[in-house]
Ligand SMILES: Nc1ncnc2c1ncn2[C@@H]1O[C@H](COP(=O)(O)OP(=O)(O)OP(=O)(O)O)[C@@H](O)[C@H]1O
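Shown here is one chain on its own, the form predicted alone, set out as structure tokens.
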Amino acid sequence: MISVSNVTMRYGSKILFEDVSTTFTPGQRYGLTGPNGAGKSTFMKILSGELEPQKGEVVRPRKFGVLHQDQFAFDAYRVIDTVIMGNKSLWAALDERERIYAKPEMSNADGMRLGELEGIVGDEDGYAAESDAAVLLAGLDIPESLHNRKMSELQGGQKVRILLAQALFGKPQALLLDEPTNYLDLDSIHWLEDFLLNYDGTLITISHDRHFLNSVTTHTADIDYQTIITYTGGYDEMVMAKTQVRSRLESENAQREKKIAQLNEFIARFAAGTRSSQVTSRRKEVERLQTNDLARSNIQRPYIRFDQERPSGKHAIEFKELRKSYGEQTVIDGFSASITRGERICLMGRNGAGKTTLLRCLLAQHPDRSDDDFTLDAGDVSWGHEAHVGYFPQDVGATIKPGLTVVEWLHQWSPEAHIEDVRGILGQMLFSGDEGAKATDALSGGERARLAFCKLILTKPNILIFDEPTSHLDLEAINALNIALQKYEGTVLLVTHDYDLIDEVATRLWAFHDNGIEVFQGPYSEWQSKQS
């Protein structure tokens, strides 16, 4: 169990949460929700002990797992050892035991200590530690060939999955997972969902994946109105309950304000007359009915709408026998397809399967998108009549030039546009007021993503290509993107691991497997049924 009593955290005049008291009980799985900047990661750090609250206290179990965000902290260690470090007492015992065995001569005290350490190792299932760690790594798609490699030799996405295995290792009594699905493909997300559904401790997770939250969580702890309110159910149930509660409070306040206005009118009319006792009674009634100021929600919802300047030809893209290899590894091997205007195609598969490579193969043959660092090995790509492409790459931050303001950066993509229109688009994407003068160098990951969407809204392409657009978005922005893509009349190519985006947006799927690319006509839920 994790217990929080009267915890307060603020930065300057900004209150994240104040006098919060709540309990997270064993066997329950909690989603910690709220928009970017609401204080989710701060609260998670308070729960883990990494950060002390300005007021209040936290009671936590002896053994709990935390998903670490520092990808470089374990670079000196083997992958398998990094996972075992998730059980701190076991790792300390194994490390001390090894140091004693490394001594040229052991004293009697060393022998006694070894006996104690062997007891700790046995109690913590240390003799099966490497095999247990290997099972976790396999579930998260880390092949056995990497288990004895140093962490410094691995890519960022692989490190994140290893740190997730570390948090899950050693049967912790509580799990604190901040964005556990980041950098996971759909197969790994499904594996993690199954693992957590069978976990019997206390789970608290932050996630911007709506389907993951709805599938895994039994309760939702929502940070808003400068407090934390826990609702029963997953994310969608929380949104419904929260809306109903807020509507009821606003309705009650409106009724009280109406009654107060009527009483004040009576007081104003008869204050100087002979009905003083009735006036006094009504003044007391006004004091009793005085409305409470409802705290403002810190949720901000962007408005995304993608339009086309003009439609493309009926056949948006056609390509034949595309091939691309990196050294001896063939990634795309003779893939051909024809995409009709208005289709929405989702590319899905394991990380490293070739999804981004295929997008780059197509873009390499577009006349306005030359990439000197990428060449197609073989194949032909034909873009349709008046095909105008808008591209959202994985590393969207690299496309935003530093040294400009937000307004300047956006306006350069359509110099003929009125500056009021540019500011209006920025306002839709939550860059309001003075934020248009913010330097591009100072933007967060979420702000860079929203600014890239502004460019697509402004330039009005008829083909949209997205490569992992949700990585830095909160749930409100992801939902807005989902709705915008469903309403968009142009052509969409989308790489994502977000279940709801795939299922609700896609009209066709390209599933990347080891033996090639499977084409499926229909939504993801039908494809899943076919697979099972």
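Numbering starts at 1 and runs along the sequence shown. Small disclaimer: the values here were computed from a predicted structure and weren't measured.
Another form exists, predicted in complex with the named molecule; not displayed. Remarks below refer to it.
For the chain shown alone, Gln69 is a contact residue for the named molecule in the predicted complex, at least one non-hydrogen atom being within 4.5 angstroms. At the 4.5 Å threshold, heavy atoms of Leu16 reach the named molecule in the predicted complex. When contacts are judged by a 4.5 Å heavy atom cut-off, Gly39 counts as touching the named molecule in the predicted complex. Though the partner is left out of this view, Leu363 does not reach within 4.5 Å of the named molecule in the predicted complex, counting heavy atoms only. Among the residues Gly201, Gly446, Gly352, Gly427, the one placing a heavy atom within 4.5 Å of the named molecule in the predicted complex is Gly446. The partner is absent here; in the predicted complex, the one residue of Arg341, Arg256, His147, Lys438 having a heavy atom within 4.5 Å of the named molecule is Lys438. Checking 438-446, 385-393, 183-191, 411-419 against the named molecule in the predicted complex, the stretch whose residues place heavy atoms within 4.5 Å of it is 438-446. Shown without its partner, the chain has His208 as the single residue in segment 200-217 with a non-hydrogen atom within 4.5 angstroms of the named molecule in the predicted complex.
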